[in-house]
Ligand code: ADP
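Listed next as structure tokens is one chain, alone, in the form predicted alone.
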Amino acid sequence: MTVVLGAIADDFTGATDLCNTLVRQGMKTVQLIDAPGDNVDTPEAEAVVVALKSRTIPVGEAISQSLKALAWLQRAGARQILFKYCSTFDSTDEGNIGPVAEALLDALGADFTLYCPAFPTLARSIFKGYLFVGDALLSESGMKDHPLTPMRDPSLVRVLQRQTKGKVGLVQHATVAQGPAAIAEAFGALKHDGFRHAIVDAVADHDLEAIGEAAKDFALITGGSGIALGLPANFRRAGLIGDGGGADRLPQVNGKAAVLSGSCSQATLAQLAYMTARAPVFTIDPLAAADGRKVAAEALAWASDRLGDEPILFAATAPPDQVAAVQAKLGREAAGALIEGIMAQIARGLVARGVRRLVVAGGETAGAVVQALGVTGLRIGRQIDPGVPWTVSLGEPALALALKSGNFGAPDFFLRAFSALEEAST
């Protein structure tokens, strides 16, 4: 089977979200962890998504990792490249979205691309270039207080222009609503006028399908996972992929169950509250760890007589004021690295104790966990909630993993995920 679509995602849960979109459109998809070596097998993959941990690292490192992933995808035969970032355009004024996209354009010899993080199914929409989360502007949503990438300007044109050398234009919804031909014509006009980048409005999923069709010949497309809604149909019309049957089929995985939560988003806070009332919870104290306490060892000792078929939860999730207090004492990067290290140790200990079914909340936490477990790739299966599927790791032992972006999922997600896995296996 030939890889036709290659994607580069700037975090792990975002990569899984994109894979979920592609699988639901009938495209057999594999997620790889970091830029792989040449000996990595991609079983029955029509799309390969390379999951990086590049969202908040220095710009130069993000570019280097992304170009390495691009080179591998080109060798694998990918005909089109998608650069996937968060649906809330998580970045700073220095990057990393704009600089990485420009580096990919240069490497591909291309002179124009689009940016569309919208996904209306997940309450992310763009109108007149402004990004909305539900009914609120991005700058009035919970993202305004994000500990790593606070988003306080809702104008994606302004945000992206501060990150790029090339001119940034806008394709408004009045044009998008007219369909693929009108969108393609608008792209051509912007290119003619010297623009290298275009933010594109989208307020409904069918807008994303039209945008994808209009960009069928682009070397590079950028956006959130929603922009992939229209891509499989392009390849199917060209006779390059199959009919999509069985794209979400996974092998059955049995074993003990656990949840690791490192995200501090509003959605994850609600999920933590829901599960705290219904299951055992171990709360991770980063200040205690910084003072020398062996927090990971304490967590695993606590879990020893609680592990079983029903999930237990390990949480570093905390409200914004508590996060700010920890960061003030330890430093933002040091606090994040400390928590990720604890989660990685706990994950290794859990697998050694027979855990084979894991839900992980938060992109940085997911990245730390899959790296600690030596996971090189994932088969993508059935969706649990919009944007979050179950996956099964390549290699042995096979692990069922649900890697959840902090912003995604209903309040009962942690518990319901395991019910969904059981239903998918029967």
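All residue numbers are counted from 1 along the displayed sequence. Computed from a predicted model, the values in this text were never measured in an experiment.
The discussion below concerns the form predicted in complex with adenosine-5'-diphosphate, not included here.
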| item | value |
| --- | --- |
| Of Ala316, Cys86, Ile227, Ala101, the one that lies within 4.5 Å of adenosine-5'-diphosphate in the predicted bound form (heavy atoms) | Ala316 |
| Single option in Val323, Leu220, Leu300, Leu122 placed near adenosine-5'-diphosphate in the predicted bound form, where near means a heavy atom within 4.5 Å | Val323 |
| Stretch in contact, per heavy atom within 4.5 angstroms of adenosine-5'-diphosphate in the predicted bound form, of 291-299, 323-331, 232-240, 134-142 | 323-331 |
| Any non-hydrogen atom of Leu156 within 4.5 angstroms of adenosine-5'-diphosphate in the predicted bound form | no |
| Close approach of Gln271 to adenosine-5'-diphosphate in the predicted bound form, 4.5 Å, heavy atom | no |
| Partner contact for Gly262 in the predicted bound form: adenosine-5'-diphosphate, 4.5 angstroms, heavy atom | yes |
| adenosine-5'-diphosphate contact at Gly406 in the predicted bound form, heavy atom, 4.5 Å | yes |
| Stretch 328-367 - residues with a heavy atom within 4.5 Å of adenosine-5'-diphosphate in the predicted bound form | Ala335, Gly336, Ile339, Glu340, Gly362, Gly363, Glu364, Thr365 |
